[in-house]
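We begin with a single chain expressed as structure tokens, specifically the form predicted alone.
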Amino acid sequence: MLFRQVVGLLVVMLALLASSHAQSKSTIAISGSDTMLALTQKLAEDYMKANPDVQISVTGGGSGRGIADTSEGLVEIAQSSRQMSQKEIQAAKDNGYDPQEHVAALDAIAVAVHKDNPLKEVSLAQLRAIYTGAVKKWNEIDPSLPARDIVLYSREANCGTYDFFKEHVLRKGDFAKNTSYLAATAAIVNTVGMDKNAIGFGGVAYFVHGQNLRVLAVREIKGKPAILPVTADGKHVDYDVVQKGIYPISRPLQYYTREAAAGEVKSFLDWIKGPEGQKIVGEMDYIPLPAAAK
């Protein structure tokens, strides 16, 4: 009887110790950009291995969702593939916060077609014509291309990639009515790889591992060379053209905090911008910050 009581007491004590240890962990919740989701998950995983007293949860939902979650105090960090709008900044301030931006990596928006499509390059003006519906068939882009309907794929409206493309490529014009909106960049990669008439865009990290597709070189304006955001074999991201701003559809990837980062949140963000974090950025086929690359 005494033995059972002692064992029971030990079990209770161990449970209390485990509970106490779990409660002592610092917790960081992150939500937002699906473009950054794989990167942030890997960064969080490696950081937690080195810092076992920190628990980091990472979810997607789109840049707009992450920014809203942060501004409403639901998460500590928003991951965003676009910058906060003035309206979003004001909403955060109305809730008593002063949002701070932390650029963690760079990205290129890749534009891709099926590998059997002979097209090798496209200008921003042609992309605008394609995605606004001004051009509807491939032979309108190049007479040597087949006279088949162009099938358009885009990310959803709550996505930072959608917002960036709409602002910088469509110049705030509307997407064509026949555009299909997919919830994830990986879905666009897979779909374009299965449809010979398709065109799609998204974070370049996803496209370098795609099957049966070709990433197009993009020309900013007439007279300038078309720039490819990947190596000639299409298997690696070309850091140089993004870090130097040569590729015309480049952007920063950032994290937002409700106010000035402090404590474990600051340590995590500093680690991301340091050599260990930036090494992971490169390993995940995102583009390290220029200073880190040097």
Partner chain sequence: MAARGLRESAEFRATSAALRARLRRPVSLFFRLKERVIEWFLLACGMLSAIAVALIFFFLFKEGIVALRMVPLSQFISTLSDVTKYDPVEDVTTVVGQQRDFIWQPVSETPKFSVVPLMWGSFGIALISAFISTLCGVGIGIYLSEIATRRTRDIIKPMLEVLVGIPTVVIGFFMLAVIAEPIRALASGGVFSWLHIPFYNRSLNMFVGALGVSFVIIPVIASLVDDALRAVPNDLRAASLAVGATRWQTTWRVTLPAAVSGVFAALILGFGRALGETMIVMMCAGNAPVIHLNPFEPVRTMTASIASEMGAAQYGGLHAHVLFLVGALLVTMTFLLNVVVEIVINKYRKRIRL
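Residue numbers count along the first chain shown, from 1. In this text, all values refer to a predicted model and were calculated from it rather than measured experimentally.
From this point on, the text means the form predicted together with the partner chain, which you will not see here.
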> Thinking of the partner chain in the model of the complex, which stretch from 102 to 110, 208 to 216, 187 to 195, 73 to 81 has heavy atoms inside 4.5 Å of it?
Replying inline: 187 to 195
> With the cut-off set at 4.5 Å between non-hydrogen atoms, does K120 touch the partner chain in the model of the complex?
Replying inline: no
> Given that the partner is absent here, does N178 sit within 4.5 Å of the partner chain in the model of the complex, heavy atoms only?
Replying inline: yes
> Taking heavy atoms and a 4.5 Å cut-off, does K115 contact the partner chain in the model of the complex?
Replying inline: no
> Taking heavy atoms and a 4.5 Å cut-off, does R65 contact the partner chain in the model of the complex?
Replying inline: yes
>> Whether D240, S250 and K279 jointly form a contact site for the partner chain in the model of the complex is the question; each needs a heavy atom within 4.5 Å.
In response: no
>> Heavy atom within 4.5 Å of the partner chain in the model of the complex: which residues of 113 to 130 meet that condition, in order?
In response: S123, A125, Q126, R128, A129
